[in-house]
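Heads up, the chain below is alone and in the form predicted alone; it's given as structure tokens.
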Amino acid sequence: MAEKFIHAVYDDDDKLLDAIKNLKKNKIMIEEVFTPFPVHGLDHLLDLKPTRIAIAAFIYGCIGFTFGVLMINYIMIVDWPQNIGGKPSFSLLENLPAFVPVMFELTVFFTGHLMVITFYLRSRLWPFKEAENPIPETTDDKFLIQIPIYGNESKIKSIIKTTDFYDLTVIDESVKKPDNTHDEEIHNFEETKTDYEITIGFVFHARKYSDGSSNLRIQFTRGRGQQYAKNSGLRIYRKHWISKKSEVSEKHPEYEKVNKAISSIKEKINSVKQMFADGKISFEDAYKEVIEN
């Protein structure tokens, strides 16, 4: 088992898929991928086996149906037969049409509940279990590829650098301390995260509009526990976004107008950072200086 890993972070699912295709093409082993939501086609790229939860659902449905038949037969036929509206109560078959709703509901009840329990047990998820995702952002808007290092660190880095990645980190579990030294400045506003510093950067809203565009948001972070994001008022196609420069490419229909607006926001961000460092504004009100002014 590898003791060193490379964590490649991406801010878009399309960029993630392109990176995985590139890594697989170069025969690089991928140990795990963390995403905030299911990514279509990812299971095929990672050669994951089809789930057998459907088979389990069928079995649980049969159990629920059988339980419903036995229960309603005992209650309404064996234990306490009743004449309800003149309906016969001598056998199960004669009363079967009236019992259909009960059997149907129990079939659905058993299937749904047992499928959820099976999923959690199979995924090893239970109450009070500690999260296994390397960074909390993978539950928000970031995608992470975990790649084990077996003497091929430079090769893996060179391949990742050909993709539009957001962040690149080497983790050495042998010393239980992550090496957060970046090979280059990946994000224009990435800084050391302490309780006395504020980090401001651009992220995309997870939801896409019908035309494929997404809201460009400004994310404010202090330390590792406080974070919030506000819409910048710009809607951008993710495929045109250049993460390393925090701007859109010339392929964007209105790239000059958009980049001019982004440049203005960057100037305000730098000003807000200084104001926060001088104690002139609070972390909670930092967005007002960037967006409202």
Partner chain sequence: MGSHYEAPIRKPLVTGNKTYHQISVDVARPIEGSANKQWWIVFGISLTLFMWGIGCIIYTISTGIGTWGLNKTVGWAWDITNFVWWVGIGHAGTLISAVLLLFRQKWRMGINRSAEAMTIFSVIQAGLFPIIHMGRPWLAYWIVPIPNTFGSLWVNFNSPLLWDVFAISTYLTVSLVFWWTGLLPDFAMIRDRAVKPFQKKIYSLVSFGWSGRAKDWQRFEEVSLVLAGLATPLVLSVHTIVSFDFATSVIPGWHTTIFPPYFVAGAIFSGFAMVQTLLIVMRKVCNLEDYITVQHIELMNIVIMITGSIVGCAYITELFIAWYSGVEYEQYAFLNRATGPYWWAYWAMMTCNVFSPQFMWFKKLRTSIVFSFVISIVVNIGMWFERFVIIVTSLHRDYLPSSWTMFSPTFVDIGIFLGTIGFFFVLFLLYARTFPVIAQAEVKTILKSSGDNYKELRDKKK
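Remember, it's a predicted structure, so these values are computed and weren't measured experimentally. Positions refer to the first chain, counted from 1. Heads up, when I say rigid core I mean the largest set of C-alphas that superpose within 1.5 Å between the two forms.
One more form of this protein, predicted together with its partner chain, exists but is not displayed; see below.
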Name the stretch, out of 214-222, 153-161, 197-205, 71-79, where some heavy atom lies within 4.5 Å of its partner chain in the predicted complex. 71-79
Partner contact for E254 in the predicted complex: its partner chain, 4.5 angstroms, heavy atom: no
Distance check, D285 to its partner chain in the predicted complex, heavy atom within 4.5 Å: no
Look up in the predicted complex whether P127 has a non-hydrogen atom within 4.5 angstroms of its partner chain, and give yes or no. yes
Can L92 be called a contact residue for its partner chain in the predicted complex at 4.5 Å between heavy atoms? no
I265, V33, A229, V258: which sits within 4.5 Å of its partner chain in the predicted complex by any heavy atom? V33
Within 4.5 Å of its partner chain in the predicted complex, do we find a heavy atom from each of L42, G112 and D141? yes
Under the 4.5 Å heavy atom criterion, name the residues of 92-113 that approach its partner chain in the predicted complex, in sequence order. N95, A98, F99, P101, V102, F104, E105, L106, V108, F109, T111, G112, H113
Is_shifted P81 between the shown form and the other one (CA, 2 Å cut-off, rigid core): yes
